[in-house]
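In the structure tokens that follow, the same protein chain appears in two forms, which are kept apart as structure 1 and structure 2.
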Structure 1
């Protein structure tokens, strides 16, 4: 048989292929020749054939038939054969293949070989693809090589030990004696791998972390880091004028782990961190990498306040860097530290605001989040001016988040009610189509409560919608205000700005234009029709025109609009004596919660009291199916299904509930119960109770619990008891996310034994923001008539990092005060 072609010739031949089909034909032809050679047990060219096979594997073609040939090369006495054999094993084998166990004995023999390069090959292979069984069998040999005086072998043995610890954590103590002298080594390769090994041990075992703190590992690391900073030029380790930056970064990371929550260790490293922060050259990216690790270490340990200010100033300098990646990591780091060092971050406010004008969308988003976190009572006017300018010019994907952030900040820090109203109206004018659903009722409530601003507000809103109905939320608020305060608009009583002269007919013209506009949504037309009806008690000269408009819409194809018009017609004909009382001006609204007590919600790093919203569950998960899915959660047949609350199509806040006055003539003040799904259960326990007061204020006496904490998702339960029915416990769940990516499509489900009755209300959102920058809240009501110990099984589903996640958990640690 002729000699096979060399690897170099094969590469050259494959590169001449003009099409994919031609390349496949060449590969198949060569694979057939290699298979024939393997069948004939050709030892002469086995090494060459496996090398070619590895190249084909790198191109993406199947090469599994060469696995046993790799084992034969490993067993060879030639170094060249062993080298290709071990490389093939690392590429073609892994612990899922049983074949890899056959090479355990060969690796053990080679670890004890007289040649250091053969030992190095065996260590590399074991550290790359060794299974837990192989690691248990060969850990003794690795530990022995870790104590050798040969620096070439020690650095490879240290990295191999890292792999062994990851596979078999209980073998960690075996390597502890060998770590004592590792940091005394002069060789930088050994030092680097030793720090990696020590970092792995500290991260995986709290006992190891305590041990290394006790044996004064920090002073050793400080000494090494100081020598690196103070040492002169060394051509072997110099990168852009900095001595071994890779080792410096590794040491800084290990110091961060050792100093976290430890006063003594943090004190020992304060000086060296200050030296690194002030002496590192920042003209090259290498220096910036070291400074960034230094900043992370300073912020993570119990460092001095002056050192933390220095770290934040370094991040401030990063914001001026031309490199977008450096600006991005600076903004991300500042966002994490803004809560603990708010004043220090405030000094860089102007630089952060400038980042809103960056062309990079990732930098823009981080700058926007950080800007909202910096808003306070002192700078709210200036910051809102910048953020409103950003809202004008930003891309559509930013407008919703930016509008929500402005609403929250304005509500918390507004210097005056007029400024608050002007700010929200500016947002609605600029990005009205992107605001959240609760923006309209919230603004209506704000306007209602600002009695002295009614004339000013209705005049501003009237001018804002003249001829432009594109921003539907703005048109809805304007329609509502014109309906309520149309008499103030016509009378020209505005004192805050120059009043305008408007007639009753001109006002009705605007509202009729909204009714017939193609841009008006069904909800907006409902607002306009109700506003026209209200004006029948505010206006005196146009009542007949109003009757005519209302009667026309009694035959509208829009069922909602038709129902309103029919009811209003009935009001004109049969109940005209009641009309002035029914349509009188709204009283001042109190901001009440819809699903229970007010919760504290984290928004962009600020603690913000927010009203829980009733929102529909995510698509694809209907309330009925949620109840049925949970029937088997606790096991057995004594399960009571969840009685979900079906959200209505009306706005959920107090202002929204009052918009449709005649939707139901239940004027007692108590909300109409939502229709329940067809489940054969008695009416729910709370359905007949008066709405005020529902809960008492003894929540402080019932301790909260953490019901779930895994994979960055944390679920906390807080408790309240009903005033009217002591058997009712109200549980408010609060879900937070400490990972770096948002969790989307979040669904919380729960089931209890049959002796209890449970109602699960709708969540405030389906997205849990990353970095604990926000929470989802949801309310559970539990009836426990027999005062038995509460037990609950919960089911969590969500999407994270592109994967669908699902988990079950049992909660049995409810405090006695919650059920006794």
Structure 2
């Protein structure tokens, strides 16, 4: 059997392969040879073969059959074998492999080897990829080596300890004693790795952090850092005239952790930070790396304001540096500090804005984010100009974020309504297809509320889509506005700019083009159709044309369009008298907060979230899942759970598609978020009604019922109907307790079928006293627009006689007067 070819020979051969196939053939051949050599248990060439295998592994070929061979190499007495064996282990034997743990014993032996380079191999391997079990087994050995006087081993042991702690945090304690003397070393390697170890401990454990603050670690680190800076040239550790920048940076980072939220520590490091900040050479990257770390530390600890300003100014200087990398880190850091040190960062605004023009995508992105953070009432005009220009020219990946950012900033700081509308227009026309979907309803609401700008807005939007109606968000907003303000458009009146002359037919032309166009999304078509319909009450000469269009779409393949058209047709034919009222001008909409309007909430109205928390939420959104639970009570196919939406979604009352002509706005299928119930806000649905129930007692005739009577707990319902809103029934429940012990933590929950909506107000208390000596009252408001028979399922939970009680019941005996 000829000797297996040498490693370099193999590499040379494989590199001569001209195609992938040729290479694969060579590899397969060699692998086969290696496999048979392994099978022969050949000790002489195992090392060579594994080395070749590792090379082929790097090329992407499988090498798992060499795993056990690596183990054998590690166990060998020959140093050559061990070196390759450990390398192979690190490449092929990670903790996911079954045989990983078989290394443990070898490593343990080698950690105690007489040759430090063998010990080094073992430490390195353990510290790079040891599994948790291995770390547990060998932590003691590592700890021993952490105390050795051999600095070559000590530094490796320190990093090994770091790895052990990362894998098995509970073992951190055992390394504490060994850390006492670590920083007394002169050896830079030991110092560096010790600082890393201390950093790891302080970051993971507040107790460790407190301990190290107490044992004066800060002054010790300050001293070391000072020595580094003041000491003369040391060729071994010098980088461009700076002494051991790696160690300096790690010390600065550890200082950061120690100084965070701690006045004393921060004070103790103040001087050295100022010294480093002012004296570090900035001509090369290495000096700037140290300055950067210094800035990060200053900003994170409790530094005095002078130092903070110094730090920000360093960042400002970074921004002017020719080196892109420096500019990049400056922008990143400024982004982090812009909230806390806003004024200081503002001073560098123009430089930041310049960075919008940089070629580097990461720099551009950071400059953009920073720019948005810096917009305020004073600079909004100038900043928006820059940002709109950026929006024009930036890469597509930025446009959506930039557009959203501009909308937000415009909303917050618009100096005038006209400016605001213009800015929106500019974004819609420049980046119209990148605007996020949820911006459309927001914009519509904004436009609606800028009453004096309606004519101007609709005119500009009309002009914008005349040439090009491919940008969907733009077309949607435009269609909605045209539908709403078409009368203003054709009236030839506009205060803000030269009014255009356009006829009703021309307007309908464009809307119909949108309907027909292949470029129009289904949603957009919906907007267009509804707009056309609305114009039937605003236009005078073209009503017949509108009727015709609407009737055509009654047979559209698009189901949504078809439904709308059919309904509009019905409006023309059977309900023409209602048409003007239904299609009249939208009122100014309530400004919706990000929590969403307080909709009808299906919980028990407690203000403390404590009750909500006792129910484990099936989804991450608490109140919504409450609703789900309750609706589950009712079961049956006529109930569908309310799906909670993220609160920042569109306001429920805006948007063309929510203009449900045949129902109240709020009873569309669109789910609304249910935030923690706030009793002080009247629900939107009952808006217009004061929060105090001002219901007249037309209730006089409605009999009360006993809804529940079991185990001594009785619940009575009394009813009132509203004068103003015949769909609303107000139920007052009274819960009483005839047993001899109080019922505590009483919670009443109710659920109703889908066609109803329900609101529970706060109960009077949560304790029902014994012997009928008192009651809990609670008000339920039920909305029943379809005048269906009232049904309710209730869930009662309370504590009684030391045990937790729970019951479900259905209430079916509502008197007809309560719902008819």
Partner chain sequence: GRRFLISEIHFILLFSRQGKLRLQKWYTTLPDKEKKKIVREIVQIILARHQKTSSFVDWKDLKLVYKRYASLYFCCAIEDQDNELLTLEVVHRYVELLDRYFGNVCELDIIFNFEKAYFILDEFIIGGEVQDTSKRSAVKAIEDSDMLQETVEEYMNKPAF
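Positions refer to the first chain, counted from 1. Basically, rigid core = biggest C-alpha set you can superpose within 1.5 Å across the two forms. Every value quoted in this text rests on a predicted model; they were computed, and no experiment measured them.
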{"property": "Structure that is the form predicted in complex with the partner chain (1 or 2)", "result": "2"}
{"property": "Displaced residue check between structures 1 and 2: residue 298, CA, 2 Å or over, core reference", "result": "no"}
{"property": "Post core alignment: residue 340 C-alpha displaced by 2 Å or more between structures 1 and 2", "result": "yes"}
{"property": "Residue 39 C-alpha relocation of at least 2 Å between structures 1 and 2, rigid core basis", "result": "no"}
{"property": "For residue 398, CA displacement between structures 1 and 2 after the core is overlaid, in Å", "result": "5.7"}
{"property": "Residue 533: CA movement between structures 1 and 2 [superposed on rigid core, Å]", "result": "13.8"}
